[in-house]
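Form predicted on its own, single chain, as structure tokens, below.
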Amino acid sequence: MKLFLLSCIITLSFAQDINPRKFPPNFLLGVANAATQIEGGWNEDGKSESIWDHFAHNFPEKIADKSNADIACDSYHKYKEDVALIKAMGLNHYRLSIAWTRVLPTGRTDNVNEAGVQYYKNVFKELRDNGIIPMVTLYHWDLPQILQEEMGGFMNESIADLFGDYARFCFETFGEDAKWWVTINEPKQVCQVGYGAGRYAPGIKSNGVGDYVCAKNLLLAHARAWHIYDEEFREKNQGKVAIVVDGSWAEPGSDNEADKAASERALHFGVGLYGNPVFNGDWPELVKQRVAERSKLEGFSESRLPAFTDEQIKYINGTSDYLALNHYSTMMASDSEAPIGQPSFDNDISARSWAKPEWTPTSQWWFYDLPWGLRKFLNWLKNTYNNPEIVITENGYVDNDDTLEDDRRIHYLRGYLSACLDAIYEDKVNLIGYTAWSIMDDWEWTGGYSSFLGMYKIDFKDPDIPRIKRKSAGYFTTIAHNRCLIDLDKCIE
């Protein structure tokens, strides 16, 4: 009897942690993926090589299982099957990306690949015919390799005009198909990991220098695309354009002021570096001061963080119609003053990132199921950026276990969606949509095919590359149908 009572108490306690409110009537629920990770057909029908094609082909040792995305989920041929899954789940929207290399193989608008254009036209028609809203990302890391070789990619300030031309082409070509646009996905990963640490394509190692140059050029590229839409397409197409910011919540490691300051540094370097210029104008002040001080001590004649001109600050400020957020987990942040020496993005932050021993680990060192971190993050964004409309454009559970009985993924989704409801109803955060990553397993960049995030399992060893339903797909379908996280008869309007 005591065991039974204890079981009941635990069950009730868990249930009470889940918000019983229904999602607002117009709240968007959807799933996401990206071209490189699912399409395959890497050189088919005129598509050119991207920096990630080049990276995986030439440096397989940098990929966990030495794989590549040549075939991936074969969505280039199986997109109708993918759309059917989304339709069957009853979801509102699908976040996908256009491969720059598939529509403009040279990266420039004087060489249009009609086969690539038709592919995306077909995808958009399939979505439209099934009542699914496309949320379209212009750049999900797949820069044409030729632009990297000819001009250095995002290290060259002329990338802003080239990206603007590409964006205009997409707005002209697909403007009737899509109203929700994302310019660039996760700029921190593009710049700090791709052009600083060198772990991601294009593999440039210029830590604490090149990553900041990339950040400035990338923000100018984003702003160029936003202004093109605003001036040339908004009146006709009535869409919205945003840039994605991504990050883990940085919880102060203690109540002392040094750890609280470390938490703020981690957030402003990780998120504010891209969010602040767009929503408030200019780099975050503490980022500017800190990089300038450390640069001087390191013997630089000027800050490693390139300054914006007054004109550029004005040009970038206000260039996001909503805040697109990718968030997966939370880490603790403690002050850890780094010695002066080699330039380093992490040393500029000087915050030790760590996990509490009681947190349940997964297959990824940085990943923990802590939904309270999302709620805190949403409130920080609300307060820091003047309560913008927020769409969560990625959130999901990662593991190296490809089981179909993925109860841990269900637990994660339930908790994080409950945190969303808490933020909406208790904290008055202007959150209008949630996008789960992912509809299906995919090629996870340097994780290859060894990390699983899909609500549908992909059997990559089967030549037919079947989509196999996991338990979480059924759970998410029920959420979409009921618009609630608990039994329908117990939901609160």
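Start at 1 with the first residue shown and count on from there. Not measured: the values here are computed from a predicted model.
Omitted from view is the form predicted together with beta-D-glucopyranose (BGC), to which the following refers.
Asks: Just checking whether Leu453 would be counted as a contact of beta-D-glucopyranose (BGC) in the predicted bound form - the rule being heavy atoms within 4.5 angstroms.
Replies: Although beta-D-glucopyranose (BGC) is absent here, Leu453 would touch it in the predicted bound form, with heavy atoms inside 4.5 Å.
Asks: Gln37: heavy atom within 4.5 Å of beta-D-glucopyranose (BGC) in the predicted bound form?
Replies: Close contact exists here: in the predicted bound form, Gln37 approaches beta-D-glucopyranose (BGC) to within 4.5 Å, heavy atoms only.
Asks: How about His140: is it within 4.5 Å of beta-D-glucopyranose (BGC) in the predicted bound form, going by heavy atoms?
Replies: Yes - in the predicted bound form, heavy atoms of His140 and beta-D-glucopyranose (BGC) come within 4.5 Å of each other.
Asks: Does Glu186 reach beta-D-glucopyranose (BGC) in the predicted bound form, with heavy atoms at most 4.5 Å apart?
Replies: Within the cut-off, so yes.
Asks: Select from the listed residues Asp406, Glu394, Asp348, Asp82 the one whose heavy atoms reach within 4.5 Å of beta-D-glucopyranose (BGC) in the predicted bound form.
Replies: The option sitting close enough to the partner is Glu394.
Asks: Using heavy atoms only and a 4.5 Å cut-off, determine which of Trp42, Trp52, Tyr434, Trp437 is in contact with beta-D-glucopyranose (BGC) in the predicted bound form.
Replies: Selected residue: Trp437.
Asks: For the chain seen here without its partner, which of 296 to 304, 151 to 159, 323 to 331, 219 to 227 has a heavy atom within 4.5 Å of beta-D-glucopyranose (BGC) in the predicted bound form?
Replies: Careful reading of the contacts points to 323 to 331.
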